[in-house]
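A single chain, nothing else alongside it, follows as structure tokens in the form predicted on its own.
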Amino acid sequence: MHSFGYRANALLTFALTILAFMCAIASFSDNFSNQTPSAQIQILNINWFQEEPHGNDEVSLTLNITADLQSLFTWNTKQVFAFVAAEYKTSKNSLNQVSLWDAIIPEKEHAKFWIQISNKYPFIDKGHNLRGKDFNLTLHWHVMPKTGKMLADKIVMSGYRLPDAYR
């Protein structure tokens, strides 16, 4: 006859195999969801655009962010991390990203929102590269599932320009 330890080991191995199989199916099922998020960002005001005492450019913006990220939520979604970044090019770097705002969205009910805020984090460039600079505002999101791999995507909104002179 088999001992108690042998039977417990067999039962635990079988249960963990079934659990791993169910997690794999849950993760695979996310590939079939139709994700159609939408977003719009407006710059309502440039609060200030100045040169800091140690020579860096700093900008404060008032943003109007409207987004519908509800389609990112499935039964396997734990939460969504979203952030807005200003993206621009300089002679030294082909891509500079500065995070302006972020949020953790825990539920589908909170994934459709409209907020008007000043940038949560400072928009600072090392040097004098922001005067007259064209830039994009990009809404990035990371879908954090209960099981499976994390998915990331973005919506790029272009056509923004900073003033040629400090204010």
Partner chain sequence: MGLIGEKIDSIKSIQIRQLLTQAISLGMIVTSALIIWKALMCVTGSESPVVVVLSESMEPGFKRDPIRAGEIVVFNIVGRDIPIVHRVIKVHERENTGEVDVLTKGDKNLDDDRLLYAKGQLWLHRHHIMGRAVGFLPYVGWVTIIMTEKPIIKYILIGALGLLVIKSKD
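Keep in mind it's a predicted model, so treat the numbers as computed, not measured. Numbering follows the first chain given and starts at 1.
Another form exists, predicted together with the partner chain; not displayed. Remarks below refer to it.
- At a distance threshold of 4.5 angstroms between non-hydrogen atoms, Ile155 is out of contact with the partner chain in the predicted bound form.
- Within 4.5 Å of any heavy atom of the partner chain in the predicted bound form lies no heavy atom of Asn64.
- Taking the partner from the other structure, the partner chain in the predicted bound form has no heavy atom within 4.5 Å of any heavy atom of His128.
- When contacts are judged by a 4.5 Å heavy atom cut-off, Ile124 counts as touching the partner chain in the predicted bound form.
- With the partner chain omitted here, the record of contacts in the predicted bound form names 97 to 105 of 36 to 44, 97 to 105, 131 to 139, 64 to 72, defined by a heavy atom within 4.5 Å.
- Heavy atoms closer than or equal to 4.5 Å to the partner chain in the predicted bound form belong, across 141 to 161, to the residues His142, Met144, Pro145, Lys146, Thr147, Gly148, Lys149, Met150, ordered by sequence position.
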